[in-house]
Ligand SMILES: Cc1cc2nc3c(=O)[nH]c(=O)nc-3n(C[C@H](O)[C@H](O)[C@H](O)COP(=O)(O)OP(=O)(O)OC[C@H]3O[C@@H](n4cnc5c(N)ncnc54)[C@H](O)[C@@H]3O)c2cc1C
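Read the single chain below, which is given as structure tokens and is the form predicted on its own.
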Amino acid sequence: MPKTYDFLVAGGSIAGLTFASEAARRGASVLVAEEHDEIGEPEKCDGLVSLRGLTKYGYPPAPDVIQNKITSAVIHSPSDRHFAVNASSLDVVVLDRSAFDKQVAATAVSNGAEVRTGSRVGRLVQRKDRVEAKAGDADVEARYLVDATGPASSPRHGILPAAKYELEGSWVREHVVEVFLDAAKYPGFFAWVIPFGRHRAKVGAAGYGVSPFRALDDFLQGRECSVLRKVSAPIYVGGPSPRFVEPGRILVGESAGQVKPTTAGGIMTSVAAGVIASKWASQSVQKGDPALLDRYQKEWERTFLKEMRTMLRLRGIFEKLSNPDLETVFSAMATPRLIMKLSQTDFDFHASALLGALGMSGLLRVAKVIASAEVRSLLMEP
């Protein structure tokens, strides 16, 4: 006979593990099936996150999970003009993502969830009141499948080829994140350097139609370093899915598109999704009321949807900019007033912060660069 659960979580991602932990804490029976042999591996995320958001949702990282504290962010234009934003008050850190995922998995197990590694969900059958599936070699049934496998499970636009190297180099600045804009080299995205220790960094690149490893090799020309690890890690920038709940299926994290369209960062928004979804899913099962599940999307969107839409509009503008356009926009941003405002903002809501810091005059300068519906809509935002 198949073993029965309230929730079968497909994928041991941070969203899936958070959901499992919170649902188990609320008394639900939960199985997490992770296809890889180890939680958190392979580590594809760079781990840049604000402590404020994780603490707000009850999952602050343990001290030994934090690899670095970020005090500054430097933005480079295509011609290598640059400005720095003081980030020392923003509580931005770099996590060892593998260790953080293991931390949350341990919490889920201590709350009563089962976590099985080397166990892929397959042969899924939707019945009227349950789902039947294979979790590895085992037959299981559950009231709901919780999809935490990533955007590939629900194919849609917005997936960019990306790659990163973990490396050692004397040029790495220990507490300084760097972003390099170049529409020719990284169309629709950028290259980045995220330090995770003394002279160690996670260096990545992404863009439409590029070979990210070739782009990284070109970026590192003239920067002496020793590469420790290479990771192919496509990113999703297409915005939230229209529906987080389908018959017998609950989407969380990247599966629901709950990552920032501007940077592809999604640790905090995915943790929030796991916490919120588990609350309403558990109540739905306990009360036998499937309609309660709709409150999951409504609650998540109350906090994040406006910011996500702003990010999508900014992305629509950014993707149209040539390098000369980027230089002009860069000039509009590189003002003492804007830099000071960005240093006092909320890392998790950076799009709204950028618009507020630019002000009407800055937005008008951007509008002169590219006359688009996106810019006009931003000017009309309340």
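Keep in mind that what you see is a predicted model, and the values were worked out from it rather than measured. In this text, residue numbers run from 1 along the sequence as written.
The same protein also exists as the form predicted in complex with the named molecule; that form is not shown, yet it is the one meant from here on.
Name the residue from L48, L31, L342, V329 that puts a heavy atom within 4.5 Å of the named molecule in the predicted complex.
The residue in contact is L48.
Can you pick the one in V121, I276, V177, V172 that has a heavy atom within 4.5 Å of the named molecule in the predicted complex?
Comparing distances to the named molecule in the predicted complex, the residue within 4.5 Å is V121.
Using a 4.5 angstroms cut-off on non-hydrogen atoms, would A233 count as touching the named molecule in the predicted complex?
Close contact exists here: in the predicted complex, A233 approaches the named molecule to within 4.5 Å, heavy atoms only.
Given that the named molecule is not shown alongside this chain, does K320 nevertheless sit within 4.5 Å of it in the predicted complex, heavy atom to heavy atom?
Contact with the named molecule, no.
How about K44 - does it come within 4.5 Å of the named molecule in the predicted complex, if we only consider non-hydrogen atoms?
K44: contacts the named molecule in the predicted complex.
With the partner left out of view, is G248 within 4.5 angstroms of the named molecule in the predicted complex by any non-hydrogen atom?
Although the named molecule is absent here, G248 would stay clear of it in the predicted complex, with no heavy atoms inside 4.5 Å.
Which one, 58-66, 31-39, 311-319, 334-342, holds residues whose non-hydrogen atoms are within 4.5 Å of the named molecule in the predicted complex?
That would be 31-39.
With the named molecule taken in the predicted complex, which residues across 72-101 come within 4.5 angstroms through any non-hydrogen atom?
Sequence-ordered list has one entry, R97.
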